[in-house]
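Single chain ahead, by itself, as structure tokens, in the form predicted alone.
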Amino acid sequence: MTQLESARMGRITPEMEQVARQENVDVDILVKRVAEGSIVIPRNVNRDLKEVRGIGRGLRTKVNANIGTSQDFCDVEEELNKLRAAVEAGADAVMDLSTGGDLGSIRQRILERCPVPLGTVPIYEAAVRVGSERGSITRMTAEDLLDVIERQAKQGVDFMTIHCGVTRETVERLRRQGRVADIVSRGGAFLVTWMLTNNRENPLYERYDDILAIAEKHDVTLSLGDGLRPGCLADATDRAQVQELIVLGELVRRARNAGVQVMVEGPGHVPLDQIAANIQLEKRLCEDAPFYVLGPIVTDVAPGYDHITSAIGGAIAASAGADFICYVTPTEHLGLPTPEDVREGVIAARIAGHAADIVKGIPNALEWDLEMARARKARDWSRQFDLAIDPERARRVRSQRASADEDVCSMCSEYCAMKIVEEALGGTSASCSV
């Protein structure tokens, strides 16, 4: 029985209780939102998941970190180092996007060490396997895809990106309108190439009911992928993207009717002034399904700094209602990330999510900042480090830039504004209770 089916029966699962405690929300409200589909709890029944997470309405904005081998760099130990860096930096979920090496074995090792929900993109494995065995991904069959989905579900994968909204109709809209960057989703590119070569409909769309049966059996949360997401600002919110979202909205309802938890993935590269509209479109068309966004990246001209461009977009998106942010690392568009890149990407996305949570009124979000303000006023450095979103970096910077006066920092030293005012007011100042 899935979390969705349990919630509809009014049954409170241990996972629901855990999420309610984490989020400081009433468990009955949580159950109601799981039942209606505005919250998902990715947790495969075949896996002993140590740290359950809830994603959706009224909950803290969650952050995902992507890791995985490539054809050029296939070092499993390095990916496990990235996993550790992601979890230590506070990632709420991890996706294994490996395309190089023994994919099943790599995934198993990651599953064994990953304490948070783990996601995959099954078409990657199907494409790699068929390309190796038959010479071209265009020789892939629907059965190949279903076989990979089922094997990954049995293995314990908690959520899967399924690009089932890439249909012949959406591709034709893309062709008629034209794009600057065409398709930047790897899964979308695989499928469109297959569809055009074979002159057939997307097998993930045609066999959606079979996918739902697998997902329901193992309680795999489906993450309906945005295979036609914009890869540059010029392509944002075009007909192909919106048409795909319309299809995904219809598939959300079918998943819920089948008892399957489902969320929806979104763009991509989006200008600042279009982000809120994109969130509103998804929430309306997909019936308040949790929205999982990549960034969004708000400018195309900052390679090497895309953890910053995406954090800007992520904060706006989450404050407008997005529920789940996929991190972007400094090496986005340039190369495979290192463990340190992973850490920076997670921290940047967490900052964006937390900034949005303050706006959304998430329980305890503003209180965290208030505690930091009080510690900063008291120049309580130990407390500031404990409260910092990245305590390790805060301690390192403080130690490297220490002031001769340990009570203050080396930016202002004896001219510390708070210390000056404190002394002028006789050691007291007006207090503010929030």
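Residue numbers here begin at 1 and follow the sequence given. Not measured: the values here are computed from a predicted model.
Beyond the structure shown, there is the form predicted together with another copy of the chain, which is absent from this document and is the topic of what follows.
Of the residues given (E51, E36, D380, D369), D369 alone sits with a heavy atom within 4.5 Å of another copy of the chain in the predicted bound form.
Residue-level contacts in the predicted bound form: of L251, A153, V128, I279, one residue has a heavy atom within 4.5 Å of another copy of the chain, and it is V128. Segments offered: 200 to 208, 139 to 147, 258 to 266, 302 to 310. Contacting another copy of the chain in the predicted bound form at heavy atom distances within 4.5 Å is 302 to 310. Taking non-hydrogen atoms only, V45 never approaches another copy of the chain to within 4.5 angstroms in the predicted bound form.
Proximity of F324 to another copy of the chain in the predicted bound form: non-hydrogen atoms within 4.5 Å are absent; the residue sits far from the partner. Taking the partner from elsewhere, G119 is found to have every heavy atom lying beyond 4.5 Å of another copy of the chain in the predicted bound form. Another copy of the chain is not drawn, but in the predicted bound form it has no heavy atom within 4.5 Å of E88. Interface residues of 174 to 196, taken as those with a heavy atom within 4.5 Å of another copy of the chain in the predicted bound form (partner not displayed): L174, R175, G178, R179, V180, A181, D182, I183, V184, S185, R186, A189, F190, V192, T193, L196, in sequence order.
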